[in-house]
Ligand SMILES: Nc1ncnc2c1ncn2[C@@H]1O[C@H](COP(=O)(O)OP(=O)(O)O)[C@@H](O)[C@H]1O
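Presented as structure tokens, the chain that follows is alone, the form predicted alone.
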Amino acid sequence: MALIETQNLRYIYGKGTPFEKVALHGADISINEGEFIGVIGHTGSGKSTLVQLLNGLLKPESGKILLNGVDIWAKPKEIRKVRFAVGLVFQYPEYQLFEETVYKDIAFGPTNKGIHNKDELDAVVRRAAEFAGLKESLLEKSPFDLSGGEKRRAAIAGVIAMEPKVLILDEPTAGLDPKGRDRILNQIKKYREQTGSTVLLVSHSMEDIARVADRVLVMNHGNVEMFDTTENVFKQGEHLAEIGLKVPQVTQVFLELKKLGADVDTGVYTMEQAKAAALAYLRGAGTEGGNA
């Protein structure tokens, strides 16, 4: 059984007003426990709406969201429990920070979840800070005294502290420099590897998605355009371009080589794969030359 499943999920903004817009037309997806899912799509494709629906922040116009086989809206008064189980880190999450210290900010969620024992809460806060890559020396500082990357990690730690079954991150590296982006991605990857949690990463960066995702969900004008392995999605570079998306730069190089007649694998999407594929091609070309 899938951990998360949506059935004909539909959502409308501004229903009954002149500004009515269908954000999701009937999305059907299925996500297994422990998967790392990348979510991509152009602005307005429905990806942010979808993740807010999965978290119970928005209620669908029609259709169902199943968490462990149970409709999350079957008991509306218990939707808060869903938000603990499906943690959502918003884009620019540093704007979610509000407490006087980083420690208190991280402790806010688990306290609301019902963890009041001081020792247990302390262990949860420090574990979450470690997963997010926050130094212990920062915990007693004001969150507003942190750097941009540190604020981002503090906000992520606040959601991790609730120990969600599913961690959803909406553009967690937006606005960060390359070093800060790499640090955030590495911590998210490490968190998933050590906890076995399911992670959904929404990003405009194809390189970020290529580095971490098992499968990629492609949204387009409120529809699920593709949902397949990372390799199979990025192989379809021309189709992605048609809907306003780009493949990782290294994939684009191999697509161009293919157009020029080179017999190369266009499913390459990381530098490690590119190196192996280039060496394999060169060996093959050398063998052909030797046999000619």
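Start at 1 with the first residue shown and count on from there. Just so it is clear, the structure is predicted and the values come from calculations on it, not from any experiment.
Not pictured, yet referred to below: the form predicted together with this ligand.
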| property | result |
| --- | --- |
| The unique member of Gly244, Gly26, Gly44, Gly34 whose heavy atoms fall within 4.5 Å of this ligand in the model of the complex | Gly44 |
| Candidate stretches 229-237, 259-267, 48-56, 61-69 - the one whose heavy atoms come within 4.5 Å of this ligand in the model of the complex | 48-56 |
| is_contact(Tyr13, this ligand) in the model of the complex, heavy atom dist at most 4.5 Å | yes |
| Partner proximity in the model of the complex: Lys21 to this ligand, non-hydrogen atom cutoff 4.5 Å | yes |
